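The chain below stands alone and is given in structure tokens; this is the form predicted on its own.
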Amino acid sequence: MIMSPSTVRTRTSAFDAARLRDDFPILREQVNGKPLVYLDNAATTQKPRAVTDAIARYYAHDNANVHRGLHELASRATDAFEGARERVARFFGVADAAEMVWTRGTTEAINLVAYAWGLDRLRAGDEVLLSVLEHHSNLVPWQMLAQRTGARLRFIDIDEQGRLDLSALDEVLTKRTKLVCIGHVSNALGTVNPVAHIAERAHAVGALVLVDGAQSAPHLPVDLPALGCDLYAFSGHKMCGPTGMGGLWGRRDVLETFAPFHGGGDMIDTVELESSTYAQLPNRLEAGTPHIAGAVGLAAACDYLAGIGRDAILAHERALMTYALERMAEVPDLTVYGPADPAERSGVVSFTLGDVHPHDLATILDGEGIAIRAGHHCAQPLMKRLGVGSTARASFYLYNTAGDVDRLMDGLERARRLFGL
């Protein structure tokens, strides 16, 4: 899968990433005596002061448990918590905030669907449709569920540029398909998948559609009603928010069919010694004390991204990716995986350099102050499909610049010299 990027050089200019970098104190860190170049954004993004200040302000002034409390701090905490839900819902174009269920992130959100919906509804002979691009978080829960229910997993393959091959969609999407689970953007290749088209086809056979939005929520202008899916999972830490915080959006009529995933406080209506009745959405799916500060921080992150403009973020990343692909095409022995057209990918590029192990390459780059990811990227079936054990991965975000790309290229040239390539 060697790409042939455009020969037209494009540098980012209209988007002032250099100014935005001032919002992220960590970007002024030195690593191994060199200025940090952070290119591991697909794993987690850095946090602006707007987010860390919001979390600190909550703990300093409003900290209390939410709901039911009658004292002032409990009221403030509840207002902050539920206000955050409304702000995050608006960020995704959702009018009914009760459709936004808090989770620890994408992984828990997908498991919530698997167990609260799938365990009671999937039977032997039913099918769940996935793709070979999926992150382990959108594979392993369905493997576990299939083992328990007898349902069958089917998969959409990819073409030689890492794009979904939809030519066989009619073969794998049938009346037996009960659920389609597709990542919006591949964390390993950056491929942007046509989920709206897939959702339309899935609904035609009566299947529900769950979108893994871990990599699209930070980078694309996602409007959930327009996307056409039934369920959407996302993680806050991928989009400038705190770790351990994310959510599952679902159409109300779909979420109301879910059995409670966890039992405990705050998800009940009445409790007797031998039976209970459950609260309305979203509380029935949120047992126990929630990550209140996480919700506050996630809402601040959504406000921050909305203030910049998600269309502007996307345009910046694509211009940066275009430049990166052009520079990479100049490096001998470098193999790049994924779509050749920057418009078909997000700011993720996976690559190998000759026979240098990606872990060794990442170590050399770290010595130059450059943070990338190396490994299978929680996508081992995809690596097998590509015929590699692992890749190096650089992933860009709103605070990266063309200068960061140049530093990466300098680091790759140093690696070539060290390995005699």
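In this text, all values refer to a predicted model and were calculated from it rather than measured experimentally. For every residue, the number given is its place in the sequence shown, counted from 1.
As for the form predicted together with a small molecule, it is not shown, yet the points below apply to it.
- Between 209-217, 168-176, 305-313, 121-129, the stretch whose residues reach within 4.5 angstroms of the small molecule in the predicted bound form through a non-hydrogen atom is 209-217.
- With the partner omitted here, the residue from Val51, Ala392, Ala42, Leu382 that has a non-hydrogen atom within 4.5 angstroms of the small molecule in the predicted bound form is Ala42.
- This chain appears without its partner; in the predicted bound form, the one residue of Arg87, His135, Arg163, Arg284 with a heavy atom within 4.5 Å of the small molecule is His135.
- With a 4.5 Å cutoff on heavy atoms, Lys238 counts as touching the small molecule in the predicted bound form.
- In the predicted bound form, the small molecule lies within 4.5 Å of some heavy atom of Thr107.
- Although the partner is absent from this view, Val296 stays clear of the small molecule in the predicted bound form, with no non-hydrogen atom inside 4.5 angstroms.
- Using a 4.5 angstroms limit between non-hydrogen atoms, Asn187 touches the small molecule in the predicted bound form.
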